[in-house]
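In the block that follows, a single chain appears as structure tokens, in the form predicted on its own.
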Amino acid sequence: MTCIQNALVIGGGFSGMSAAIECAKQGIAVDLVEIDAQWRADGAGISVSAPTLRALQTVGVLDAVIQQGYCGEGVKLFTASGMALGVMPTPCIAGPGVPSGAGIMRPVLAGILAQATRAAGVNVRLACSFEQILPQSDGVQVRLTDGSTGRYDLVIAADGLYSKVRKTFFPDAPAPRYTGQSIWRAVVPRPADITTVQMWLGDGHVKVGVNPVSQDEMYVFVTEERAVNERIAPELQPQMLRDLLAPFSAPQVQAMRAHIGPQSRVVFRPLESMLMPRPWNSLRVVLVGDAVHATTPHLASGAGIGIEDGIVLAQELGRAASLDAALAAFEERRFERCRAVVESSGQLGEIEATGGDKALHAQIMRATMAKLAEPI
């Protein structure tokens, strides 16, 4: 028997949906509110690491991800001119027949999880968020933006990097920090000779990569050092991305550069990170995902650790004698793992942005990926 009967999840992203699905499996009645009336997931592709595939397997959507995405093994490394540097292995950790990595369009993954959320029996309310959260001795009274009210045993805040819940209940929490790097993403046709993640390392502070996301498409990702956290008008982005790719003479890079245009769904995002110290809960409110540990994409693990949050939280709610014990156990299992991802990703970005020690970069990458391969 679970230590709570019902819960409200605020935020319908990957972390919120995973928490809702897993709590519903435990027999908890779950309401999920999402402020976007269309329940959209903006963006291009997303790289799915082996630990994230394992988490998606637990949630129950792995088969759909494999069918609708594209699976590959290893990461091929090249110089800017296209000379092969080697292959970085990506070990399989989720069991026989499960690949070591994949790529999928972010909206496609969101759609898969949304379908699973509804199938789990979660009560989804769109164009809705919270207006007021009032903790009481035996529960939480919540007033929603549609004028309705409800009483819950627990509020699970999965409302992202700029979490309104975090600002309300943890006013002293650290603010998101701009890292000095930005990332560009775009979608282009996939040639037959690109079947897994590939990266080209430039002489400056720019790295180019691709990851197939379907039989026909792949997404391009480019990280660059950028001193100012700024907005770039969408109409300027395709040409600016082509300019970043111009110094890379590798034929594969130039071929995909030729395809980048207004149709390429170019996304530019300054990279920000944040790790909130414990506790992650207060007065029957607990934070998960980017609301408490936002990371840069250098380990392809930001979505994964958020999905893991939902799994672990539900497990602890299902076996603890009290809510306090469940939340303490959740944080005990999650903090160091998430800290390792946030801090190591930040270190990798700093090394790339400053042209630092490549051997140290490889060492950090290996050590963190080994940690992520451990059971959650």
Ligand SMILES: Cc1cc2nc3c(=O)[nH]c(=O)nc-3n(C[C@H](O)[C@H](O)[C@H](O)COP(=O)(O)OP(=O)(O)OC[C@H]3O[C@@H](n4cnc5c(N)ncnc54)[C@H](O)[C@@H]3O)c2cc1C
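If you're wondering where the values come from, they're calculated on a predicted model, not measured in any experiment. So that there is no doubt, residue numbering starts at 1 and follows the sequence shown.
Note that the form predicted together with the named molecule isn't included here; everything after this is about it.
For the options 53, 317, 59, 33, the one in contact with the named molecule in the predicted complex, meaning a heavy atom within 4.5 Å, is 33. With the partner removed from view, the residue among 197, 300, 285, 218 that has a non-hydrogen atom within 4.5 Å of the named molecule in the predicted complex turns out to be 300. Annotation: in the predicted complex, residues 78, 80 and 253 none come within 4.5 Å of the named molecule through any heavy atom. Contact with the named molecule, judged by heavy atoms within 4.5 Å in the predicted complex, is confined among 148 to 156, 177 to 185, 239 to 247, 257 to 265 to 177 to 185. Using a 4.5 angstroms limit between non-hydrogen atoms, residue 212 is distant from the named molecule in the predicted complex. Looking at residue 26, you'd find every heavy atom of it more than 4.5 angstroms from the named molecule in the predicted complex.
Remark: residue 46 counts among the residues lining the named molecule in the predicted complex, judged by a heavy atom distance of 4.5 Å or less. Using a 4.5 angstroms limit between non-hydrogen atoms, residue 169 is distant from the named molecule in the predicted complex. Of all the residues from 113 to 130, those having a non-hydrogen atom no more than 4.5 Å from the named molecule in the predicted complex are 128, 129, 130.
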